[in-house]
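This document opens with one chain alone, in structure tokens, the form predicted on its own.
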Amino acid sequence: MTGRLDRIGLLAVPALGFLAAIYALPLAMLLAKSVQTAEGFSLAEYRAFFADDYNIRVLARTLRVAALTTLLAFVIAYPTAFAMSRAKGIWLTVFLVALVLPMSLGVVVKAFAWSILFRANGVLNSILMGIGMTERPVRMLFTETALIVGAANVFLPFMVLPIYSVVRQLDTRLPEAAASLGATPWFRFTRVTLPLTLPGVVAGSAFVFSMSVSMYVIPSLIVGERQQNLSMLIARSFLYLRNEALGSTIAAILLAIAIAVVLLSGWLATRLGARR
């Protein structure tokens, strides 16, 4: 039996070799570049990055935008997931199509569409001036708010689907039982519904935050070079400054953030699973 399992395991060797050559080796070379100097191993690039106030501001902005994008996506996705769980027939199909169909479009298309909406002569400003809410165009494009709204829209399906997969498995009798015992709607939500749906919330938040913290195309089209994030700083280091060591260092920091998010979400999922 053991020999058979060993032979089956050999079937994975080509795939593992491919992944190692395509992903692991370039990643190892990138990380090595961040600690490699003419004198040998050194953390000078990391010290220089964290000693620069501009880099710290970019790092803080990146984390803030990712956190606010995740929060906005959660606020929209949570009631949407419940509406989908209660929809049946054609309405469920409409929900799923409206949610999944935009995922077939490229990120560039969706980000560029938002940049058109946020323009001074765009649809949003035309509506605001048409109903008399403002006399002149409101500056929307090239703002952090526009970036958060656009990013939340692009990443929304990755928040809705994990929550929906958990919500549809909930026993609807539990809130009813709590209500029969005199629990208020707020108590039923905070003590019954929300704790049971937290695994989906954690998974969706991990997806959205990881993608938001590393996005490049969306901020490039919506805010441009005025408000850079870590991904844009990496591109500038490699493409314009020709500073591979700095670009590798920032990439390693971004990778560390992504790994931390995955580990934290896994730990939270384990804790929540143990409590259920």
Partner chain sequence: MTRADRFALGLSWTVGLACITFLMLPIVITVVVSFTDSPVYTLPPPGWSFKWYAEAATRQGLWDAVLLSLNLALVSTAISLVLGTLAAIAVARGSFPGREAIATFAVSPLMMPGLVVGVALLQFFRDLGLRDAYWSLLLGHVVITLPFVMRTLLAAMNAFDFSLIDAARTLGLSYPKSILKVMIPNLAPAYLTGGLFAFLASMDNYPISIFLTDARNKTLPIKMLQYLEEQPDPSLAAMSSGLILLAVIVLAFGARTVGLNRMIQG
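Residue numbers count along the first chain shown, from 1. Everything numeric here is computed off the predicted structure, so don't read it as measured data.
Below: the form predicted in complex with the partner chain, not depicted.
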Residue within 4.5 Å of the partner chain in the predicted complex by heavy atom, from A51, L241, M29, A60, is M29
If you check L194, I131, V94, L181 against the partner chain in the predicted complex, which one has a heavy atom within 4.5 Å?
V94
Counting only non-hydrogen atoms and a 4.5 angstroms cut-off, does A206 reach the partner chain in the predicted complex?
yes
Partner contact for W267 in the predicted complex: the partner chain, 4.5 angstroms, heavy atom
no
Decide whether T190 counts as a contact residue for the partner chain in the predicted complex under a heavy atom distance cut-off of 4.5 Å.
no
Even though the partner isn't displayed, in the predicted complex is V223 close enough to the partner chain, meaning a heavy atom within 4.5 Å?
no
Taking only heavy atoms into account, state which residues of 78-102 are within 4.5 Å of the partner chain in the predicted complex, ordered by sequence.
P79, T80, F82, A83, R86, A87, W91, L92, T93, V94, F95, L96, V97, A98, L99, V100, L101, P102
